[in-house]
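A single chain comes next, written as structure tokens; it is the form predicted on its own.
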């Protein structure tokens, strides 16, 4: 039942025989989840894109494991959500324990009417395989394995890249480069850039364990469990009878020694008991890091994912945030490449996803400080909260085992047009559009790859001078009322939605001039 790691073929590029460096519109560096998502999105939007990766297979170990509902919606638009959900383990309930007892549980999707689950657990190697399958099916996506970027030189109108391959070195040029080459990003180092933020001393052990166990498909987190006194432990189910267990080790743990099976096996056995046989699949040790680049755009090089920012794994904010970086960036880059928007639109990528990075780092830092209190007063507070949590709702709100990933709302984005009409609910400008079941399909399927005017009731007048599609939701389309409730919609309500399915503006009635102004603003023409 183990995963068979694919070996992808290196193919020598015709670029290597060219008399002078071939210029490409976009080069993406790194074929992890973020780079693959960015390259697929670019290709689907009609761009020719080169994707470079220095390996010939996918990642080893579970690594990025939990993929949130918003990320699944993005994968659906990219044409690869179905195999991810089918293979993955879906869940929406989490339980928190203190010592041997459960102190509370939570449900991330208490209301029905959702196409995708709150989270899917899937080992990163499966995710990457599904994304590579999709990438290889796109004619204008040139995925080059065993192709290492050895040097990168920014210029005013392009970026020059030196590529090393098994068949020798060659050079290419790119109008734009998207760097998705991970936490150790060689691209970042080539540009002399470094992260700012905090590195925490505490170390954690990841053990991927193969076993047949009766644990439900839920997220379980223990503070000070009896099998790991003084530490914390996290348990997640994965496909193929694999389970992910994270053990807190402490600041003085030797990472090399702690990966020795002679140490890992007794830890797992103490947790599971003698009646549960298991075997180790993969082991790793990590430290919490909450850091990011000060700027995500450096001229014609744009950073995304772990190359741009790092957070602790509790809360599943790493890979989810990275995929959402790509989702934010690609439509803007396409608009610039097609001369539909000024280059300054790309500065909004830095502003919006920089705010998202700060939000994620804030959540991650607070979770780290709660899970691993740094002084006696912090530990006293943490323990008091845990004692009160079973009995008082306010205390449960203070327990922090990792605030789980949610899409960032760009509340202060210059691309959004503030409300002038009154709304009691619904996604505000700068928030992602919400999916809902319709009589024939799902609402997000009505949103095209470009700008869409989402209209409730009668179709509004067309705007032939603008590239805006119209999607109409009549009452008959929404028999259970989910869409109208989620959008606080009455007949005549309209939402202008960006290509990344974020709301630009919303109005209680169609106003052509207001829509034109909001569209112009969302394209970065009035910033």
Partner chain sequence: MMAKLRSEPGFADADAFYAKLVEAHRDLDDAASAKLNAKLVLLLANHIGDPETIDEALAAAARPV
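None of these values were measured; they are calculated from a predicted model. Residue numbers count along the first chain shown, from 1.
Just so it is clear, the following notes concern the form predicted together with the partner chain, a form of the same protein that is not shown.
Asks: Closest heavy atom of residue 150 to the partner chain in the predicted bound form, within 4.5 Å or not?
Replies: Residue-level check for residue 150: no, no contact with the partner chain.
Asks: I'd like to know if residue 383 sits close to the partner chain in the predicted bound form, meaning any non-hydrogen atom pair within 4.5 angstroms.
Replies: Yes.
Asks: Would residue 167 count as touching the partner chain in the predicted bound form under a 4.5 Å heavy atom rule?
Replies: Looking in the predicted bound form, residue contacts with the partner chain do not include residue 167, since no heavy atom lies within 4.5 Å.
Asks: In the predicted bound form, is there a heavy atom of the partner chain that lies within 4.5 Å of any heavy atom of residue 359, even though the partner is absent here?
Replies: No, no contact at 4.5 Å.
Asks: Let me know the one among 260, 419, 133, 387 whose heavy atoms come within 4.5 Å of the partner chain in the predicted bound form, would you?
Replies: Selected option: 387.
Asks: Check each of 398, 411, 183, 162 and return the one that places a heavy atom within 4.5 angstroms of the partner chain in the predicted bound form.
Replies: Spelling it out, the residue with a heavy atom inside the cut-off is 398.
Asks: Work out which of the listed stretches, 188 to 196, 203 to 211, 388 to 396, 125 to 133, brings a heavy atom within 4.5 angstroms of the partner chain in the predicted bound form.
Replies: Careful reading of the contacts points to 388 to 396.
Asks: If you look in the predicted bound form, which residues in 66 to 99 sit within 4.5 Å of the partner chain (heavy atoms)?
Replies: Heavy-atom contacts within 4.5 Å come from no residue here.
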